Each structure stands twice: as C-alpha cells, then as structure tokens.
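Okay, here we've got a single chain as structure tokens, the form predicted on its own, with questions on binding and movement later.
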C-alpha cells in the first residue's frame, strides 16, 4: 500500500475551485496546524522546541488553549470513550507522548518528528517561563505534591513566577469541587496550568473549562508532578533510550498498571495486524453512484494532499462552505495528513460526508472510530440523508 498512489492521477489538486491548493504558502519557521491522525486521534507534528514556542505564543495571545499529551493508552481509551475522543480531537495541541504513535506514523503518512513527553516538557516549560516572565500553577496529584513540585521548580529557577499550587481532595470528575478550583485559578491568574489528575480526567477537566476561564494554556501532565517532587522515581535515561520506560513503570506499580498495559498491548497487536492488512490487501473501489451531485452542499472530487502546506490551504478554503461532500472515487487511500485535514474541516463547517470510499479507507475508518466525525456514504441518497 502506498499512501501516494492515486490511480494514476496527479494528486493534491481537487476539481472544485473552492478547494484548489495551488497557492504557495510560506510556512518556514511556522508550526503546521494540520495534525496527523493515527487510529482516530490527531497528533500535531512538533518537536519539544516547537511545542514550547507554541505555548509561549498562546500565552502571549491571551486566548485560552489546551495541550494534550497523548500516548497509546489515550488511543486505546478513546476507542470506547466517545467523550475522550472528542476532547482529543478538539484540543488545540496534541503531542505524541509515547513511542507507538511515533513508530507507526510512517506507515500511515508523514513521520512524526519524535516523542514529546509530558514528563520532559513540563520542566522545560518552567525553564522557558522563567525567561519569558510567564507564571505557572500546579494542580492535582496527591495532597501536598503540587506545592512540593512548584517549590522544586522555584529552586531550580529562582526568577520563575509560581502563581500557586493546590491538590484538591480526590473525587471523580463529576463530584469535584469545580467552583473552588475555578475560584483559586481566577485569583491566581496563571499563564500555564499544569493539570495532574491523570488521564483522561485531567484532559476532560481542561476541556470542560477552557471556554470559560482565563488560563491561556492548560496542559495535562499525568504523574509528572510526582516525578518533580521526588514522590516517584522516573526510569533511568538508558531505559528511556531503549523505549522501555513503560516496562519500568509497570515493574514499579504492577497492581495498578497490569490491566492497563495488557489492554494496550492487545490493541497494539491489533493495530500492527491492521497495518499489515492495509499494506497487503487489494483495494476494492466503491460502486460509483452516477447521480453524484451536491444536493445543496458543496461537492468536491477529492484527489489528495501531499504536503502540509497543501493541507493548510485546503482547510482554510473549506471554511467558506457549510456542508461538504468529498467524493473519494479518485483515491485508493487517505494518509494521516489527509485525514487530519478532513478532521479539521469537520470542526469548522456544519457537516462533512465522504462518498465512494474504497475498502481500505472504510476498514481504517471503522477500526479508528472515525465515522462518527467523518461519516462514509455509499450513495448520493445516503450522503443526502447524512447531511440532513
């Protein structure tokens, strides 16, 4: 299977004038906004430096945003948790905190630049915050841990502005004292909020409040405050280097992590098997409906996007339409970048429907739970019904 194979047709140039991607876009030094979608979850293709710069820029803008540090466990949980799936798809920045997404990415499109872990980026953000005069706040973990972690960061960076810290009493998300947490944050006015409730609770919490608070950047960091405070010991550097940090964590807390890792390994095996199938099986084209037309929606014969710049232009131009039907008859495959572009479009318009998808695309979408956001129609009548 080759992501660039397009039935002998030139890729990247959809027929509909609203989706022409011929303009040259200068993207040097600018982070690409279109994510790469792996198994239904978007990952922004950034390095540590780019993610940190994005955070600083977001703080300067004053517009509240959310960063999710997604790993294999996020992907697995999102398979059955529709809420988490939507939280990750709507996050402003999703970084690949895990090797499985990084290793599998090249089989589905452009490679990810590398792993960007929450445990590493948190102290790096603290160091950059000191230089930029940006304030931070630690929220979550066990009683007293957030405050201890902030003390440690303050000792490392004497000029760092620590807006505060609090470890609320443990409670499920719907039982938490949200009013008290929001009161403290409104009083502290932090620029960066490190939320450490564990996944997916922390990410749902940030998503729940991002539209209502004045926190420029909130990032879910899992057990990172425990590492900083010295409550837990992170795997040695050599263990991290050989991609076995997960195994180290499993050995230090088998009672809590055994079920999680067994489930994750099972999913990873299925994901690898799917990858092999998609590379080996022959694509079966969809039966083309000769009555293909827009029915009140913008109709476009999709022919592919090969570069991030094309994806950026495609998403921007799509915003001019309310309802979109993308005909996939000219393609055998959708890369992670192309799915990322379509997913971004689905967030900006009223409805997107895909038409005439072949067997490979259908198989990938069904496995990845993508049809809830990007439904696939087998005929124009079905497309019309989905649009309505």
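Residue numbers count along the first chain shown, from 1. Just so it is clear, the model here is predicted, and its values are computed rather than measured.
Just so you know, the form predicted together with a small molecule exists too; it's not on screen, but the next bit is about it.
- Only one of 249, 317, 103, 161 lies close to the small molecule in the predicted bound form, with a heavy atom inside 4.5 Å, and it is 249.
- For the candidate set 125, 153, 84, 199, a heavy atom within 4.5 Å of the small molecule in the predicted bound form is found for exactly one residue, namely 199.
- Taking the partner from elsewhere, residue 285 is found to have every heavy atom lying beyond 4.5 Å of the small molecule in the predicted bound form.
- In the predicted bound form, residue 110 stays away from the small molecule, with no heavy atom inside 4.5 Å.
- Residue contact check for residue 98: none of its heavy atoms lie within 4.5 Å of the small molecule in the predicted bound form.
- Of the heavy atoms in residue 190, none are within 4.5 Å of the small molecule in the predicted bound form.
- Comment: 255 to 263 is the region of 179 to 187, 234 to 242, 277 to 285, 255 to 263 lying near the small molecule in the predicted bound form, near meaning a non-hydrogen atom within 4.5 Å.
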